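What follows is a single chain, given as structure tokens, in the form predicted alone.
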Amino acid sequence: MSLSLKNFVQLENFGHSLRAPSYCFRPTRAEEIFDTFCLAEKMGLTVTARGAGKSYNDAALNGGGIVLDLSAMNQILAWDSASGVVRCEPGVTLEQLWQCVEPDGWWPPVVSGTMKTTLGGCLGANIHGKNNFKRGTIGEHVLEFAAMLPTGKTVTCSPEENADLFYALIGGLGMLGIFLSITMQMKRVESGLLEVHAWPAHDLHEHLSLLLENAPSYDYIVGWLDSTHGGRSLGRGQIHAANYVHGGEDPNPQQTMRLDNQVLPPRIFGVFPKSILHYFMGPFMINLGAWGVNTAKYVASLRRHTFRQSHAAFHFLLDYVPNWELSYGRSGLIQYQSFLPKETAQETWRAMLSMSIKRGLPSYLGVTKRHRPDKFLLSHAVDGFSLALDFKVTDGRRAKLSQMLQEFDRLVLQAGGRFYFAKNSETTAETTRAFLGEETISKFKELKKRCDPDHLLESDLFRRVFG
């Protein structure tokens, strides 16, 4: 194995707002991962793991270094349809996973908003879904995993075996080791459908109250928030809550669990291809256009209603329009997500949303969720809520946007909040120390020294947040 210009490529984050040139290798087996570590040590370079490249920030970028593209290690190694236990390589996507298990009456217990993410990436970020308040993060459903350390040693970790590594590699951003195989427990389902309830929220207070009060009664809950509208209606939006459809409630579960009833259609009304929709969305990605779209969506959401929806249609909203992120233009977008205790969320987000509107830098999309704490070392979770905001990046507004998001960070820290390393691209080492705490950072660095004594595993994100 050697470095050459054919391996030197320009990689981007999902939002196309960050770029970095790297030497890219695509291993198909564990031995090739170790070969890459040896090459990196010989050449004085660092290594970063990359799955589907769906992180909104620089978690899978490594300027001037080596990127391990694990997407070719994508085999489902074992599936037990009786117990619901599956073992996969790290490059298996959520799409592959659910299409394997769903026809047998199972569903992944935690999924992201897109099915294109890989399991290795999901564990590295310890993703959460619309059911975090009830089912926690994806890491809570991992029975064990095998990972290769940069030293060449392979370790097996579970909540009982090598527990310190288990709770640190999951959510560890790929900076301690590389996942080789992942064993997970799936969730039994009795129908291919969910029963979804939708109702409006007229302002931020009602929005958060509805999330808090209704979460215990549902399996999933999520909010859409109109982040372009201020004043007394600031924080208005719509809540979607869903429950599994159980046996006897679905007259034909064998039919609804067929894959062809789950796959998202590639065309609108069977005619218009979704793959070109982002071209038509582009003209609306300005402040006035986003305000108009959000206002129309809010007006359409004012009627309460209940309907049934397939699992895939409910969970993977980001896959409805392929390449939708391209509609933000050549400079892309960044997503800012904050996690706040339920006691401080309303006041803090009111200040943040008002600031963004006043400065002419409104978010074009806002999404809220209900959360609970977890035991992972680099945890982003709180007993409260999260708010994800999408911001358009342009050359003219990049500096102003960066400054505003730094001010957001200060507000979130003052309110006892936390951040998610798969999203924010502005988090500094100072902010990281403030929300994780010196004790947690010290534990992580001790594990880093033990697992990666030569500091081979580094990413642009790692250098930014840990200094």
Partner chain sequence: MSNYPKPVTATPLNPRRRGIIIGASDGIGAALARRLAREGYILALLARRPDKLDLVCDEINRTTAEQRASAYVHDVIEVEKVPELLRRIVADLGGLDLVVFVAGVNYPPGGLEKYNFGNDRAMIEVNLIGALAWLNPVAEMFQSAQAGQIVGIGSVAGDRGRVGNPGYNTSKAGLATYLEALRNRLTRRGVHVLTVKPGFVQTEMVKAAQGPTPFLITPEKAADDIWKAIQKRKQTIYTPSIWRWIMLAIQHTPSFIFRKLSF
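Small disclaimer: the values here were computed from a predicted structure and weren't measured. Positions refer to the first chain, counted from 1.
FYI, the form predicted together with its partner chain isn't displayed, but the following is about it.
Contact annotation: of the candidates 334, 194, 165, 239, the single residue with a non-hydrogen atom within 4.5 angstroms of its partner chain in the predicted bound form is 334. The partner is absent here; in the predicted bound form, the one residue of 29, 410, 26, 398 having a heavy atom within 4.5 Å of its partner chain is 398. Taken together, the three residues 132, 209 and 373 lack any non-hydrogen atom within 4.5 angstroms of its partner chain in the predicted bound form. A residue is said to contact a partner when one of its heavy atoms sits within 4.5 Å of a partner heavy atom; residue 19 meets this definition for its partner chain in the predicted bound form. Looking at residue 63, you'd find a heavy atom of it within 4.5 angstroms of its partner chain in the predicted bound form. Of the heavy atoms in residue 38, none are within 4.5 Å of its partner chain in the predicted bound form. Contact between residue 425 and its partner chain in the predicted bound form is found at the 4.5 Å heavy atom cutoff. The stretch from 438-446, 425-433, 30-38, 412-420 that comes within 4.5 Å of its partner chain in the predicted bound form, counting heavy atoms only, is 425-433. Annotation for 379-409: interface residues with its partner chain in the predicted bound form are 393, 398, 401, 402, 405 [heavy atom within 4.5 Å].
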